[in-house]
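Given next, in structure tokens, is a single chain: the form predicted on its own.
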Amino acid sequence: METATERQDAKRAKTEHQAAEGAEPMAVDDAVQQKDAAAPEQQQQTGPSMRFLMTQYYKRLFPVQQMFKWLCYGNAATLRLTAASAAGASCASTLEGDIFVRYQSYKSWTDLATDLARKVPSKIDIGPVYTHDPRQRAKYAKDFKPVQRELVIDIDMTDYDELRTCGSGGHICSRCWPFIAVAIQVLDTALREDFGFQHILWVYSGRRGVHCWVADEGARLLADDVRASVVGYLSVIRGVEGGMAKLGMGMVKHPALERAERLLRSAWRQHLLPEQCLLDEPQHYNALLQYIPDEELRSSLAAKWAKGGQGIVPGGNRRASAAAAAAGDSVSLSVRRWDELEKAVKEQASRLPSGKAAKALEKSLDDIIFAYSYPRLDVEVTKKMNHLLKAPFCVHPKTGKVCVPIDPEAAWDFDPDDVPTVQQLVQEINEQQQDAGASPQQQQAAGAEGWQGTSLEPYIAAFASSFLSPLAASSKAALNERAQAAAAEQRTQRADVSW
């Protein structure tokens, strides 16, 4: 029999899907509340203690000024945060009790700060800029439509569940983080080198994935069909069938895939194989060997490996196999077996009479690397301009972790276990202000810049210097250019009338 918890989980999942897709049942100004009893985990996370922490976070820690500056792109008339915009931006928030509020709009950062402190949302989503103020959309009927929105990409670790050996579902750790790190490396390079985008923000989702925001004006103005083409270009894995990834690449690689392969091969050998122990256990190496088209070779290697010892114990401490340790060899068992597999494939390919069959056999090694390490994208998130996505610097309601930016050049050094939590931050700011002798009233008056001196400061500083400042300069230059063009057009029109 279905329990209340299961009903609530199912309904919450449906609500989040509707919110993400911009479904009309949830796209309302008034709050829509789900009436099922909350699951125990949700009650614990959204109870009085969590609400108190979130109230303190929005009043004293959330970088409201920086977020407002980003989302209005230097023009208050086009702001749109969490589904917001003074003249067309949109933003949505989830309140305590799973109340989902969409199409919010703010004219200043102080209005936004006041609303956050009053409503204390458990989550904030950002939507597109609309043709009109989203709060007045009913008045404009069919003329109300999205016209601008960052190009966004979503990567979720659950899409790697059939590959990773350290956990599944909401689990994420330093052992499976390399899947995300190499995805960031591959995609960030493609977005910059192949599309020319410059203003790219990577954000940890707070639990089991990452989000990418491409904020260049050219990216924000892309139509839905172009967004679909972009994500199609970036996608190689077209689904999974029979436990094997369906790869969208032929015998001859596109230059972008050749570049990606160099990044993937390095990550494969240095991180994924030793961290995930992908060739240590029969259930894992048998799955990987399915990509090898030569049945005799597959059987031979599987039989040989079945007689060998174990290397790194999945879920345990990293250690070399007993044989490797005895020999003073620190190379993991999975790496040594991969070397053995590569050698066997190349030797077998050299013996094949058909050049086509030999190339297909050698290509299977590339197929394995791409199937296991190429980014797995949630393409539906990218394809639609009106798709909502969780805002940076939100607090994940299940983990309490802040959705902090990630430096793509230091993605390998990022550790999701080191991300600050809302409880930690509130404690830090309380201790900091108590040490300074501040009264409770003075602590509250510290306001939106209270994050300074806390574990959140490096992330906000990086957000401001590496993303926000260059973006603001670019937006200002674009606004000035349009103003000058408009002024020149007016002068031309006046000259025509005078003549």
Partner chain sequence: MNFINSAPRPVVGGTPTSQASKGPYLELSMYKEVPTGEISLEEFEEYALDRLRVLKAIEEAKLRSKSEDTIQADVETLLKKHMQGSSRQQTYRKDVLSHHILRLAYCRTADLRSWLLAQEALLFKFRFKALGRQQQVEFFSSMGLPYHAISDAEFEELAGQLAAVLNACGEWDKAKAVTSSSRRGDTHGLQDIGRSGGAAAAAVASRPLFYKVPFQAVPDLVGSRRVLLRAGQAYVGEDQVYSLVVGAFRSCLSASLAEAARAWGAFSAAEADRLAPLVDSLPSRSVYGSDNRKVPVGEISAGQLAGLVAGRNFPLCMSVMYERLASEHHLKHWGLQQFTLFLKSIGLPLEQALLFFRQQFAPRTPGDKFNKEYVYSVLYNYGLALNSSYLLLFVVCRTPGDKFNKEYAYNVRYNYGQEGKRQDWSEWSCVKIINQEVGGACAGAGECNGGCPYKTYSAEQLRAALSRLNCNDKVIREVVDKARGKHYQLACGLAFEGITGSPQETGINKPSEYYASSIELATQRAAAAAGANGAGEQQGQQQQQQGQQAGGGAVQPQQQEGPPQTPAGQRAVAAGTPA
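Remember, it's a predicted structure, so these values are computed and weren't measured experimentally. Numbering follows the first chain given and starts at 1.
FYI, the form predicted together with its partner chain isn't displayed, but the following is about it.
Asks: Within 4.5 Å, heavy atoms only: does residue 427 come near its partner chain in the model of the complex?
Replies: No, residue 427 stays farther than 4.5 Å from its partner chain in the model of the complex.
Asks: Taking the shortest heavy atom distance, is residue 254 within 4.5 Å of its partner chain in the model of the complex?
Replies: Result yes; residue 254 sits at the interface with its partner chain in the model of the complex.
Asks: Can you tell me if residue 230 lies within 4.5 angstroms of its partner chain in the model of the complex, counting non-hydrogen atoms only?
Replies: Looking in the model of the complex, residue contacts with its partner chain include residue 230, since a heavy atom lies within 4.5 Å.
Asks: With heavy atoms only and a cut-off of 4.5 Å, decide whether residue 248 touches its partner chain in the model of the complex.
Replies: Flag for residue 248 set to yes.
Asks: In the model of the complex, which of the listed residues (243, 239, 196, 355) lies with a heavy atom within 4.5 Å of its partner chain?
Replies: None of the other options qualify; the answer is 196.
Asks: Taking its partner chain in the model of the complex as the reference, which of 226, 147, 263, 287 has a non-hydrogen atom within 4.5 Å?
Replies: Partner contact (heavy atom, 4.5 Å) among the options: 226.
Asks: Report the stretch among 333-341, 412-420, 386-394, 230-238 that approaches its partner chain in the model of the complex to within 4.5 Å, counting heavy atoms only.
Replies: Flagged stretch: 230-238.
Asks: Heavy atom within 4.5 Å of its partner chain in the model of the complex: which residues of 390-412 meet that condition, in order?
Replies: Sequence-ordered list is empty.
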